[in-house]
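One chain follows as structure tokens, the form predicted alone.
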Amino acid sequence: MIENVVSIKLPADEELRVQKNRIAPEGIGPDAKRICIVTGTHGDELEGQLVCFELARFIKSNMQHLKGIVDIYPALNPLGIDSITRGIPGFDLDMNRTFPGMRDGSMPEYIAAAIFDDIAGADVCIDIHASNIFLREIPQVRINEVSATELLPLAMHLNVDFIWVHSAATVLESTLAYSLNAVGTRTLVAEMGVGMRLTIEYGNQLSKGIIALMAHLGMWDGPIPYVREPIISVDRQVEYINAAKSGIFVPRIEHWRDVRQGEHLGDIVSPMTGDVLVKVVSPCDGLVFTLREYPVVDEGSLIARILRM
């Protein structure tokens, strides 16, 4: 059933509506377990749209196996999605820096508060993001180390390739995930793919993982998809590679593959002169889990992240 989470009148007789699709068996009680699937916080991150579609379609076709409530929020920032804008148009504001929001605040704060209140109290929330247009990411879950003890066992069921446990100092307290975890609503941040694109393989992979997590929670009694065992990392195991000069980055490796120290990762080149400005090499043995997708780089631009092995 499609429900309005929050709505606000806009100019020109229009209306902003944040909606959710509640899927639940008939006659289920208010104390049933509930999982929330959230995406579309950033209007240029579309990978979660496929997950919402696949999950809703699969569950509706197998309702006899559903033993809880599934709330799907495909567009927390509908204006951003409509205009292909990362933030909230007209406010120059990142929505994921406004939680838990304020009911008596500005329009973005009011919307954030309504969304937060609607999700709070769920047994689990999956907050799905894509990378930006510059980088490609493998399917992964990112966890604040403060919440790792509670969240890591849940993340193991999500069928991702990688779980990255961040130090608390790198986590912003105004994000949806941090705010929900702070009030006891267990929230996992999933990230995958690249901005403004759909990666069908990744969307299907995470959709199966969510079904497996629902089975773990006792919300699903149907067949359980195969779940891969993820690599788990903490911050100190991740090596960042940044551009030493401005130019065009030409990769010489594939994404999500092993590399050796000193191996040729790519080149920063000059289209004007035909020169290779920088030969980019790996500083360590490891696994490339982030790779530059957009070729134009400035000095300091992130080119890759490598998990030390």
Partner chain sequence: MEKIIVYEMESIYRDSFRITGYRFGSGEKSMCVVGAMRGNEVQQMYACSLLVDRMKTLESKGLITEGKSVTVIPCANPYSMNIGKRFWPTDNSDINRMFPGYGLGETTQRIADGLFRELMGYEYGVQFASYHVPGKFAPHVRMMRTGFEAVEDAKMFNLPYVVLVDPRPFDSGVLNYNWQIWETKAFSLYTENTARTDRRSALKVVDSITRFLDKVGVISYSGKAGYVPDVIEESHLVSIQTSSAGIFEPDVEVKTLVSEGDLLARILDPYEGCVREEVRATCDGVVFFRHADPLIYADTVVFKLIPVGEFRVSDRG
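Positions refer to the first chain, counted from 1. Because the structure is a prediction, the values reported are computed rather than measured.
Only in words, not in the display: the form predicted in complex with the partner chain, which the text now covers.
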Though only this chain appears here, would Met107 touch the partner chain in the predicted bound form if you measure heavy atom gaps against 4.5 Å? yes
Looking at the partner-bound form in the predicted bound form, is Arg22 within 4.5 Å of the partner chain by any heavy atom? no
Is there a heavy atom of Cys52 lying 4.5 Å or less from a heavy atom of the partner chain in the predicted bound form? no
Decide whether Arg197 counts as a contact residue for the partner chain in the predicted bound form under a heavy atom distance cut-off of 4.5 Å. no
So which of Pro225, Gly222, Pro89, Pro78 gets a non-hydrogen atom within 4.5 Å of the partner chain in the predicted bound form? Pro89
The partner chain in the predicted bound form has a heavy atom of only one listed residue within 4.5 Å, and of Val146, Leu93, Val234, Ala182 that residue is Leu93
Among 150-158, 198-206, 213-221, 108-116, which stretch sits within 4.5 Å of the partner chain in the predicted bound form, heavy atoms only? 108-116
Since the partner isn't included here, can you check whether the partner chain sits close to all of Glu26, Val288 and Met309 in the predicted bound form (heavy atom within 4.5 Å for each)? no
Do any residues of 256-289 have a non-hydrogen atom within 4.5 angstroms of the partner chain in the predicted bound form? If so, which ones, in sequence order? Val269, Pro271, Met272
